[in-house]
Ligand code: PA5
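Shown here is one chain on its own, the form predicted alone, set out as structure tokens.
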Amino acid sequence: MSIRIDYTNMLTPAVGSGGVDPQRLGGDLQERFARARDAVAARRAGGALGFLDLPHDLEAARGVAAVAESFGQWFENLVVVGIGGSALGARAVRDGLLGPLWNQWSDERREHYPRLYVLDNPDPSTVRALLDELDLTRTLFNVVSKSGSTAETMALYLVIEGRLRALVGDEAARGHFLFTTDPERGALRAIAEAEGIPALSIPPNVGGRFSVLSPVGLFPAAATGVDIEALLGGARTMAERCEAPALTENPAGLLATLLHVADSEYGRPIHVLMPYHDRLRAFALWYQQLWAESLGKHTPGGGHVGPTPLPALGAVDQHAQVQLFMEGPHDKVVVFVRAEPHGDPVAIPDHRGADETLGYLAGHTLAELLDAERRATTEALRRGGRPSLTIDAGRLDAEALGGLFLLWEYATVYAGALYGVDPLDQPGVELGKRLTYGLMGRPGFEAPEPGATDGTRAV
């Protein structure tokens, strides 16, 4: 695998006092990582880290591929209905491997694979616009909720089901749904069994934000022609690298340890992921949920920990955020992601070569310019004593994307051990869920007092 992490600019020789002494990588940081690695290995042995088993389960992947081939490709459109980890992975796969304009391509250019949409937020204007635009008789809705009780997802499901029932009748409407949910429990599983709706299973020990390599992400990928065995193959290769005992040979260990040290010792709790590739913009949003929901926690001692992930996009955010990164508070680490361009790098013509303000661009390509922007920003940050890392993904294909997913998932559980928190739970979001249920009138849940949610002062 070609994925490499350059951590030169995290070290004192490059960025001065804001960096880490290289000697620590073989000293106290190696010892700290070894303890974290042991803790993660123990949790895996106990069966908690099911996401690490997914790359090895080729039988399950082939079952997903068979469903996609025999069912998912009957339709012109595929809509993934979910939120958070049930949606972000599918979006990252679609944009990373199919490209952000996939849905605008002709049937022939897509090789008659379906268009892929992701419906996550229950904003009525967006929902209405999409459902009005699509030919629902040619659309499959993949409803994704492990619990089968996610309020946003289930509300969207009911809206879509109501439309389809009115359009094609109750019986035919069932043929437009595929559920991805818990193998035994929850409302979606019960509906699937009662009404004969096909359903794919999310392994019980795989949480939503770690589920991209389960049927949650594999079904929409396979239905649109992505080589899911290559996706899993890249993840397997990365997993082997991320189990190395030596810190300097373990890419996930380095990511987790250096970012944890930057936060806990150097006052840099904001971790920016900045890919220089439009196809990885959605991946940065996937990372944001993974890092935030996994690591922002109460500690057993009653403290509060957790870095703040910030997605950015090069070169766009050089004109939006880099001023802050350069001269704002010393509270950030930037993780750049480089990937080779897809297809034609697009040569810059020389028809205005005589103009000294434009002529220097002639003979170059847009791909060269984009990479020069990344290199220049990296160097500018270094000269300002601002630490950064660079992940080089190489050619952005299914294998590379699978490796990137697994890299950050493994880094997340290592970081959880370093912070002393459980990266697999999310107790902080449960109160909001319960209050939402109460406000919507779900039996057994209490709503806030009248006026409490809106405050008492306004202008």
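We number the residues from 1 along the sequence you see. Quick caveat: nothing in here was measured; it's all calculated off a predicted structure.
The protein also exists as the form predicted together with the ligand; that form is not presented, and the subsequent description refers to it.
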Fill in: Candidate stretches 319 to 327, 102 to 110, 165 to 173, 76 to 84 - the one whose heavy atoms come within 4.5 Å of the ligand in the predicted complex
76 to 84
Worksheet item: Does E293 make contact with the ligand in the predicted complex, using a 4.5 Å heavy atom cut-off?
Response: yes
Worksheet item: Heavy atom to heavy atom, is P215 within 4.5 Å of the ligand in the predicted complex?
Response: no
Practice prompt. Would you please decide whether T390 lies within 4.5 angstroms of the ligand in the predicted complex, comparing each non-hydrogen atom pair?
Written response: no
Worksheet entry | is_contact(R209, the ligand) in the predicted complex, heavy atom dist at most 4.5 Å | yes
Worksheet item: Out of N205, N121, S147, T237, which one falls within 4.5 Å of the ligand in the predicted complex, going by heavy atoms?
Response: S147
Fill in: One residue of T299, T365, S264, Q289 in contact with the ligand, assessed in the predicted complex (non-hydrogen atom, 4.5 angstroms)
Q289
Practice prompt. Note that the ligand is not shown here; using its position in the predicted complex, name the residues of 243 to 265 with a heavy atom within 4.5 Å of it, in sequence order.
Written response: none
